[in-house]
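Before any questions on binding or motion, here is one chain by itself as structure tokens, the form predicted on its own.
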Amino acid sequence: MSLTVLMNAGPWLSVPPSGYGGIENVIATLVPELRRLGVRVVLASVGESTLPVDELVSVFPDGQFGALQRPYNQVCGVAQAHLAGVVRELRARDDIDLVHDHVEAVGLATLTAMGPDGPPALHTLHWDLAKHPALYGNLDGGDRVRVNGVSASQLARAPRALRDHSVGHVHLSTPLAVGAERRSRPEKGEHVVVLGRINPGKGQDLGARLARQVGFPLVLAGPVGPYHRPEDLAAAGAEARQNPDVRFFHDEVAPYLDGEMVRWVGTVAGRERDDLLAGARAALFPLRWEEPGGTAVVEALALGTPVVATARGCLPELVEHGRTGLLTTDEEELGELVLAAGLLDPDECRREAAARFTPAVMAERYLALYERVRHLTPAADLQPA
């Protein structure tokens, strides 16, 4: 395929990230498959990114994620500086067939502001679409800029103007799904895992309370604000509480931690994360928000671990109740479902992941969307795939 795509990852983390990094991990999963299919990829990221690509474009030498803890008036120009560099690159060359953008809000705004002279663009929506009503409710990308979601449920909640620019959704994938159906059955322990950034929407406080109440060992794995290790958070001063996720952790989660029944282990990645998930009785998602994508969900399934979750957001799209997991609309029922999850077959979880959530499946789906976007169909005539 003769196609050159500028993949805009943004200025916040390297690709792949060294630890937690949802969007950057998605890009690190997608790009190798696109290149295997013959797509030439120009990555717009930070200079320390190590993902093999055809070209790397960067404004910042390293990730700017730490800057997000500073006051808005000190950090608001970071993403704009990165996007300005992307626009300069696009205007200096004529070989970019399409921009695939992943930068929240400012990526979409900048690409639409380029007007009809810019290249075709696809902006992937990785987040809660209620966050930017002024932007999404008044979007006008002309016949050049389109968006896609990471689940059907996410797009169903989008403002009308955003849905009018949609070319459909693409579920997230994981390299762990490749050959997952051929793996030997993992040896299961009694522990349950909540994997993800610790914040109110993910519901770690609910999971911790249920673990103590029902009686199952729970491991919380994920960062608290900018702090990836318990010792780093412990060393942080009182000013760390200015971060809302840090306040949530101290006020709502920490009272349940006892080092035995409920533990927080910080960010886990690579083999450590895989072993933790594969050996778990269940992966628990006590969600209090409409989860748009669910990377950790497909990772759990690929490792043969049933999912127990609040039936919100994309969860009903990813998990088959009674086969690959257990879903409920009742928060208090989650604890009992965790105990019942041991009756589900890990092989069914792995087979489902191997069929639906491999990087190859995701790349083929994006290639189809790229072709739709490049045809420059008027937005009014679009029907989401």
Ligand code: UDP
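Start at 1 with the first residue shown and count on from there. Computed from a prediction, not measured in an experiment: that's the story for all the values here.
The next section is about a form of this same protein that is not shown, the form predicted together with ligand UDP.
- Within 4.5 Å of any heavy atom of ligand UDP in the predicted complex lies no heavy atom of L98.
- Put simply, K202 is close to ligand UDP in the predicted complex: some heavy atom of it is within 4.5 Å.
- Among heavy atoms of R197, some come within 4.5 Å of ligand UDP in the predicted complex.
- T310 falls outside the set of residues with a heavy atom inside 4.5 Å of ligand UDP in the predicted complex.
- Taken together, L218, T305 and P346 are entirely out of contact with ligand UDP in the predicted complex: none brings a heavy atom within 4.5 Å.
- Only one listed stretch (87 to 95, 267 to 275, 245 to 253, 101 to 109) carries heavy atoms within 4.5 Å of ligand UDP in the predicted complex, and that stretch is 267 to 275.
- Of the candidates V145, A208, V192, A296, A296 is the one whose heavy atoms come within 4.5 Å of ligand UDP in the predicted complex; the others do not.
- Along 271 to 291, these residues reach a heavy atom to within 4.5 Å of ligand UDP in the predicted complex: R273, W289, E291.
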